[in-house]
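Shown here is one chain on its own, the form predicted alone, set out as structure tokens.
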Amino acid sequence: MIFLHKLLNFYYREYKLNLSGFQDILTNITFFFISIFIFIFSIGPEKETYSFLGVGILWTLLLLSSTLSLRKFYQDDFENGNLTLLHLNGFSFELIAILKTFSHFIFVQIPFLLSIPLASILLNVGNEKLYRLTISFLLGALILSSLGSISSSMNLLNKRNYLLGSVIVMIFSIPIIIFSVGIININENFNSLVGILSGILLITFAVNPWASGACLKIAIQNN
């Protein structure tokens, strides 16, 4: 019960922090939709082109938009000492990484999920593809959050180049986009591609706490 109370306090604190920083989430969503309008203006009024390229455009913009939030994944908590307080309160560095990953998924990725239906209308993505896009995004967003945790914890050790974390996420996100777009566009291999994407999720989610936890520990010790 004590541990559950600590978890509830952690996520209540995350909720208040994200609510106070709602302008950052709004900025990410605004960037997402402005980028969609740029693609619309550059491609022209060809609906068949949107139907063919829409899913790829959406996934690319979702990836780029989600990387905007990586700068504050751990940085603010590291600078104000909250990571140290969490560790002293009984949370291991690995558990902190897991909790922050779910927090990023809930407060950053879910708003993008809610905006996908409107974005699909703008890019002429059909209802069947929208259903598959939602499934692929639920799996892919957790993978992106896990990769974001690893890259952001590495950024704590590299204070000179904060773009390195975003570059790492984008490189390792290439397979995610390939299989996610494949899930939506290839009918006969739907279950197998979902299985592959789920396997990638399990691998990244298993590696995340150990890699992120090690970086957090080193960063706090060297601070």
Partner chain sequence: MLLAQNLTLCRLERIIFENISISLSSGKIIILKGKNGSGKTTFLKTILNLLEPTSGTIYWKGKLLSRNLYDYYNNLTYIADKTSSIKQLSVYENIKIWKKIFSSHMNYEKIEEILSILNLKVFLGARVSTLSLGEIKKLELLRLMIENKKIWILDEPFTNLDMETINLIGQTFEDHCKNEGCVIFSSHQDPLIPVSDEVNL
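Numbering follows the first chain given and starts at 1. Given the structure is predicted, the values throughout are model-derived calculations rather than measurements.
Missing here is the form predicted in complex with the partner chain; even so, the following discussion is about that form.
(request) Indicate whether the partner chain has at least one heavy atom within 4.5 Å of a heavy atom of F78 in the predicted bound form. (result) Within the cut-off, so yes.
(request) Answer with yes or no whether L85 is in contact with the partner chain in the predicted bound form, where contact means some heavy atom within 4.5 Å. (result) So L85 counts as contacting the partner chain.
(request) Would you please decide whether N89 lies within 4.5 angstroms of the partner chain in the predicted bound form, comparing each non-hydrogen atom pair? (result) N89 belongs to the contact set for the partner chain.
(request) Sort through 102-110, 116-124, 138-146, 89-97 and report the only stretch with a non-hydrogen atom within 4.5 Å of the partner chain in the predicted bound form. (result) It is 89-97 that comes within 4.5 Å of the partner.
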